[in-house]
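What follows is a pair of forms of the same protein chain, given separately as structure tokens and numbered structure 1 and structure 2.
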Structure 1
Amino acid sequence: MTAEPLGATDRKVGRTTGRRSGSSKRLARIDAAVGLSFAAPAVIGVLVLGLVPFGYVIWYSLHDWSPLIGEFNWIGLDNFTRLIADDTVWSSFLTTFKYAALLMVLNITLALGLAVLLNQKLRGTTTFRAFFFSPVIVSAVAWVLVWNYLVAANGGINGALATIGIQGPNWLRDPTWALVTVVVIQVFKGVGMNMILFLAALQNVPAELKEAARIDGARPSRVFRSITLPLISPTILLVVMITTIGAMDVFVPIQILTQGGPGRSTTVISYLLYRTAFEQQDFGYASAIGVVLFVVVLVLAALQWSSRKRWVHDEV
């Protein structure tokens, strides 16, 4: 779907260099060799460490495999029939979607809000920018460990709420709050990155356009909606895609904060996969879950991609 710009550039580059040089055939041959060998490490790497292992995953998913005992037996589609009837798997997919959707909404709203705030002409925005960005560079484990203390039932946040007479919920142990709490902790961790991307996009919106609209009598909110938002929509798409892919991969906060509980309210699919493979030593079944996960990611990516034209302005 994206080879077009690549092909086009290639052709142009090839043609111009070809015309200039006397022995274009020789140059083309050298280019072919150099190009292939430049691209080789990345391409071979992805083949060997991505695509081929995925083939193995499909192969494994057709087996009953307990590596602890060393059994590896062909069982056809049994893992998939088991999977279809397995509520745990489907609830984990649902939890993953909930997690990703909530993270997306909170993260992007907050990132955009912060970017707009920091885009005001105020002294000291650099300092605040550093504040908001700093969790991005704090190690993921460290961030989560600290919050684990703060959100404990008798931890800092509830302690603070208690002093003003509010009984805070049991953040990580209450099924209605646990996932939200994990999401919020992750939003604070990562929103700085998206904020920077938005900030860059905002500063690239031509001031004349906004000014013109303002002179035409548009209120600031209207200017934002009609001028700014459409102009930064490519960045929004980008941020949405990065954030989704990141959300599908979440592991550290779940492992450290909730271990998937209470109940299964925070068991996301990547965590279920890890547990199935490395805790229950059921590699075959874990592979089957992996295959389904891949299909789901594929469908989601396709949906996001095909919907982009409807809301992304001015994509060339």
Structure 2
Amino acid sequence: MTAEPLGATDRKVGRTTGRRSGSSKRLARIDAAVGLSFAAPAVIGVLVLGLVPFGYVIWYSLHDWSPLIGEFNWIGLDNFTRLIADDTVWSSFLTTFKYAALLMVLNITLALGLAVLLNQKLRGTTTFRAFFFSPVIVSAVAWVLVWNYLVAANGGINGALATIGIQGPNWLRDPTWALVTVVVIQVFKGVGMNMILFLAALQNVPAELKEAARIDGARPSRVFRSITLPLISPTILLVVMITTIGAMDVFVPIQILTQGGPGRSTTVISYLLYRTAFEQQDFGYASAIGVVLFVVVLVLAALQWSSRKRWVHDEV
């Protein structure tokens, strides 16, 4: 056989490498196009249903807009100046913060406790998981309507208390109990989702770490505090953020159960925004309230996210 010249072999190798490189680039472009096609619906949805409407809200907040009388006049920052001097707005923000703080403490504590309990190898845990998660998939309106009957002055809860000689309060018409009642109703509605998140995190904690700590003489409480909690801290951060954002935007239970009363004891900022827009027909001012609410939620989320380096495991 005659040996092929070295130069010819190099040229063949170069052509082969070039074809492979061109093929790889084409595949990369195809993969990128497929990825973009999958992401496009979500991106378009965010733009059409999120960013564009929010842009309109900002624009409306700079106007005096009352559809009933046909007014739409540019007033610049006057709505925001009015908002700063409006005690009702700040009172509503304070009520919202109270609601969010109470909801977050009760929801996260209960969800984590249930997750720890259901993470044990006990009989019936699957049934209990379904029981606590089922309210999550129930319509918010249906859930609140059922509870509206239960917590009425002559409803199911006070009827049960009466059988053991206890006179229950008017849960939704007593300023002392109204906000707490709404919080408890919403805790039972959303605790199942957070419970599932915590349960998934607990099941990912390496068993050998906990076993090593027990061998070293650590008590269960110390194991939970020093090993389990740090390892599930990323999930705790997630739950805190989504619970806070949801609490700052509460509307349905307030609208159905209390309509902001008694007095203004349950008038949260989202309900005040609704009344300003659809009852008072002051859409420009309502838009300004919405913009401020968005900024407040954004700041809270940013503060929670920036604090992660101090207490979330593996964050530097």
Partner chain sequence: MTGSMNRRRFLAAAASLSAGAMVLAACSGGDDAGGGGDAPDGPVELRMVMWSANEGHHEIFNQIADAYIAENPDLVSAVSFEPLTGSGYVNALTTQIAGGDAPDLAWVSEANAAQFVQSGVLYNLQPTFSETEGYEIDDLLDGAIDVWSADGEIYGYPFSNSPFGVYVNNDLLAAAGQPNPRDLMASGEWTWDTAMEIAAAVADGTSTTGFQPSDDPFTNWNSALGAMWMSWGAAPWSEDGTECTFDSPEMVEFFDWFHSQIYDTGAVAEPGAEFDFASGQVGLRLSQLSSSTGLGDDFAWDFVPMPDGPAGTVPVVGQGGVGVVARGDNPQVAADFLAYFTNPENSALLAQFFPPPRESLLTVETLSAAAPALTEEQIQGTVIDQALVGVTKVGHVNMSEIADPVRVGLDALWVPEGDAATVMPAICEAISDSLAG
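Here, a residue number simply tells you its place in the sequence of structure 1, counted from 1. Treat the numbers as computed from the prediction; the structure is a model and nothing was measured. Here the rigid core means the biggest group of C-alpha atoms that line up within 1.5 Å when the two forms are laid on top of each other.
Check: Which of the two shown corresponds to the form predicted on its own?
Finding: Here the form predicted on its own corresponds to structure 2.
Check: Comparing between the two structures on the rigid core, is the C-alpha shift at Phe72 2 Å or larger?
Finding: Shift of 2 Å or more: yes.
Next item on the list: Could you tell me whether the Cα atom of Phe54 shifts by at least 2 Å between the two structures after core superposition?
Entry: Yes, because once the rigid core is superposed, the C-alpha of Phe54 moves 2 Å or more between the two structures.
Notebook entry, point to check: Is there a C-alpha shift of 2 Å or more at His63 between the two structures once the rigid core is superposed?
Noted result: Comparing the forms between the two structures, which are aligned on their rigid core, His63 does shift its C-alpha by 2 Å or more.
Next item on the list: Superpose on the rigid core and then read off how far the CA of Ser37 has moved between the two structures, in Å.
Entry: Superposing on the rigid core gives a C-alpha shift of 7.3 Å for Ser37.
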